[in-house]
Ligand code: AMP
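First comes one chain, alone, set out as structure tokens in the form predicted on its own.
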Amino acid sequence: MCGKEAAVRLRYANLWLCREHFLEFFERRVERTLRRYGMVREGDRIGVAVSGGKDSMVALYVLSRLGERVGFEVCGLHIDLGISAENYSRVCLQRVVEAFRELGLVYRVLSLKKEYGFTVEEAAKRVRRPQCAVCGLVRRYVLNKMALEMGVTKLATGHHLNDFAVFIVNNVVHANYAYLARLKPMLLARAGLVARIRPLLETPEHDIAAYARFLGIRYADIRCPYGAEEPTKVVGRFLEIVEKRSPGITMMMVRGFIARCLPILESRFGEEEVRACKECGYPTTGDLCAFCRLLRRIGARR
């Protein structure tokens, strides 16, 4: 594009780009994604859920850079899950707070141990469930609660193109069509639930790594010690092989799912009727939400 030495190759687009043009390409695509799926409106307060890893940290930085141009405010949210193995949570917390302060953002950090009296590790042991299952349940509930308390209008996560593709394949394999019907670029707000958006939906993981490298973003370059439990990693490796053989096929699959499959799934598996949890008021399909059932099982305080 400019005659400079290329810094990155994008095989799916048949492009070689220098650092400056790649950053421009990356941010323009995220902005198009926000606009294409109606994720943001002028005046929105976007809360970015930041774990400390590469993906959520890049989501934080790119949204911060786009905020003034598009017309929204950005704030940060982080949950200290108390994962002591390999000092994982301590390293993540340090990186996240550094980023929030560097960007000059309003932010909130919630310690699971201080707020509720348990860590993810302790809860998983008591209920004898995989760490990842407990972690996902806790994060969904607590992040929503934090977002409501901070006046956030949209909660953004770092899920990228490859994540979305894995979700699609994994749930097709397990015939989990009701979940697939909710697999959208944006989940609209409902009573007690903040709207959720995925700004990196059309961004490959390879590009996220390059963006972090070119901007010098310091993230927690450490894998969760319990990540090996995730069966979705096998699906991810399979899709990587397919993408290498047919560059661009991941994007085609995700866009095709959203455009053609999702409307059919939504018409067949509409939103379930929900009621307020008897303990906390959180929307649920039963009498108690999953988080309150967890608290009861481990004898934790509210």
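Note that residue numbering begins at 1 and tracks the sequence as displayed. From a predicted model like this one, the values you see are computed outputs, not experimental measurements.
Here the subject shifts to the form predicted in complex with this ligand, a form of this protein not shown in this document.
Using a 4.5 angstroms threshold between heavy atoms, H159 counts as touching this ligand in the model of the complex. Interface residue remark: L201 is not counted as part of the site for this ligand in the model of the complex, having no heavy atom within 4.5 Å. Contact check for L143: a non-hydrogen atom falls within 4.5 Å of this ligand in the model of the complex. At a distance threshold of 4.5 angstroms between non-hydrogen atoms, V74 is out of contact with this ligand in the model of the complex. The contact with this ligand in the model of the complex, taken as any heavy atom within 4.5 Å, belongs to S51 out of T33, S64, S51, T250. This chain lacks the partner; the member of A147, I79, I208, A123 within 4.5 angstroms of this ligand in the model of the complex by a non-hydrogen atom is I79. Stretch 150-158 is the answer when you ask which of 181-189, 150-158, 168-176, 209-217 has residues with heavy atoms within 4.5 Å of this ligand in the model of the complex.
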